[in-house]
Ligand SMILES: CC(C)(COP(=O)(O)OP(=O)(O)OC[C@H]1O[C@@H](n2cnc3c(N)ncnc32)[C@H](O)[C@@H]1OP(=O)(O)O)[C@@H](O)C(=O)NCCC(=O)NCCS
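To begin, one chain is listed below as structure tokens, in the form predicted on its own.
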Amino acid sequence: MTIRIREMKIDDLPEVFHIGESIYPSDVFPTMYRTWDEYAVTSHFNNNPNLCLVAESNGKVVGFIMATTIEKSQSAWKYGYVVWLGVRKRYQHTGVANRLYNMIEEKLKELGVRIILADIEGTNHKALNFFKKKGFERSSIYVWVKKTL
């Protein structure tokens, strides 16, 4: 299986959307503060095209990663934020996510990022393990709380 990692193109958006739709369904994450929808995909692509990558096999998109940078006026640090990462089920556990992440980390380093953040559902052990293997530390200092009205 040959996998090629490249920058996302506008023609990739439908496939990226459908992959994300299968991974981040709104009925499973109904109270997540950011939701997977057409607007999330297209606006992120429009605002950060150089930080949107896809994995392609035989001309078909099989995975994606979307990131951004954050700069705070009171901080000397520039942050990278992995917003979305997804791989088709059939291609999971084949190194696709690893390759996508490695390339986005290199791009973020080139932009001067010194810290990379990702938020993960606390019960998503596969994602937690993935990011732990990539050198991320789980923060227990901050707790995200919600209130449904």
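All residue numbers refer to positions in the sequence shown, first residue = 1. Note that this is a predicted model, so its numbers are computed, not measured.
Note that the form predicted in complex with the named molecule isn't included here; everything after this is about it.
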query	finding
Contact residue in the predicted complex, from Asn124, Asn47, Thr35, Thr69 (heavy atom within 4.5 Å of the named molecule)	Asn124
Position in contact with the named molecule when the complex is considered in the predicted complex, options Val41, Val61, Val87, Ile104, heavy atoms within 4.5 Å	Val87
Contact of Val113 with the named molecule in the predicted complex (heavy atom, 4.5 Å)	no
Close approach of Ser139 to the named molecule in the predicted complex, 4.5 Å, heavy atom	no
Partner proximity in the predicted complex: His93 to the named molecule, non-hydrogen atom cutoff 4.5 Å	yes
Touches the named molecule in the predicted complex: Val83 (any heavy atom, 4.5 Å)	yes
Sequence-ordered residues of 47 to 67 touching the named molecule in the predicted complex, heavy atom within 4.5 Å	none
